[in-house]
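Presented below, as structure tokens, is a lone chain in the form predicted on its own.
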């Protein structure tokens, strides 16, 4: 991956200039280290990008095509939080979904990404929702076979005044695939943005989400379900940022780990000087289902003004023994009791996903993973 590679990707001169600039910045940066606070608890030192060969990847788009799809030179350039986002800016061929003012797209637009063994891919999705428009987008990430690969997707959401945007990412990658993902959203006046993630696959799967309430009266929502088994690791870093008055953000992340799997959640609520009357709520719950499993949860607040409402809550622990006893005392076997409790634990998140019709299918994937047969039902949500 080099600036020369970035310059060879087809596109207008202004886009090539952007790509080469991003590649030069990326090439000049060292790889992240686990002793950096934003990478604390991660396994980033295990990543060797030299194992992989760059590929544009394969994607199939289905759903309503009545969207403008051109990336414009005047579009804002999203900041790159790390070297992986810089490489994405350098090597991606963005898919753009641009609604018109007042347009309501009833059916969800679905993007299915396929990652092949040995590849490094950098998908980028840009959503521009015009004023008073509505759109729902789903991205699914899968891998061909069981070999190692690397994928660093970026989604950026720009919600205009009173726009409604719902986004869902589903990670169904193989257990040898690395993912470092970024979700970035800006919500204008009176708009609403929902960012949701279901993470079941990957060797090391990281998602950094940042939702910024930039306009008065706007609201953002971040939701995630993650379940790691074997030696998997799921890593979430979230930012709820308020820069305008009377804004609101809500976050609900729920995860489970079993065998020797690990998970990390670190979240920040940031309320700026101008964000009077803001309300921000953050909840992270984690179940450890095996003695060798490990989960970390670190909520944070950064508040620079008065007249706000904020709360954060986090828990890490095994299944409540009283819940287990209640079920077993009524004749439910220990294995079935655990299954029912875990599925019930995740139902709160599944019910909030932007596509209710998918909840049952994703619940089946979680149940199969609990039973240790996820691979055999990989097609259950096709």
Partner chain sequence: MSGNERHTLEIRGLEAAVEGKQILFGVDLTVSSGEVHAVMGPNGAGKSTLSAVLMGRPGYQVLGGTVTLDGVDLLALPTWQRAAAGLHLIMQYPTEVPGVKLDDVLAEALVSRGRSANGLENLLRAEAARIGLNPDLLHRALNVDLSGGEKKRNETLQLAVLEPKFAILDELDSGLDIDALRDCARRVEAASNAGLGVLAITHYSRLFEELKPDMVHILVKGRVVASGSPELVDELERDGYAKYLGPEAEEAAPTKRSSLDDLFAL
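On a predicted model such as this, the values are computed, not experimentally measured, just so you know. Positions refer to the first chain, counted from 1.
Missing here is the form predicted in complex with its partner chain; even so, the following discussion is about that form.
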property	result
Option from 51-59, 34-42, 315-323, 352-360 whose residues, in the model of the complex, bring a heavy atom within 4.5 Å of its partner chain	315-323
Close approach of residue 347 to its partner chain in the model of the complex, 4.5 Å, heavy atom	yes
Residue 30: touches its partner chain in the model of the complex, heavy atom cutoff 4.5 angstroms	no
Contact flag, residue 341 vs its partner chain in the model of the complex, heavy atom cut 4.5 Å	yes
Partner proximity in the model of the complex: residue 328 to its partner chain, non-hydrogen atom cutoff 4.5 Å	yes
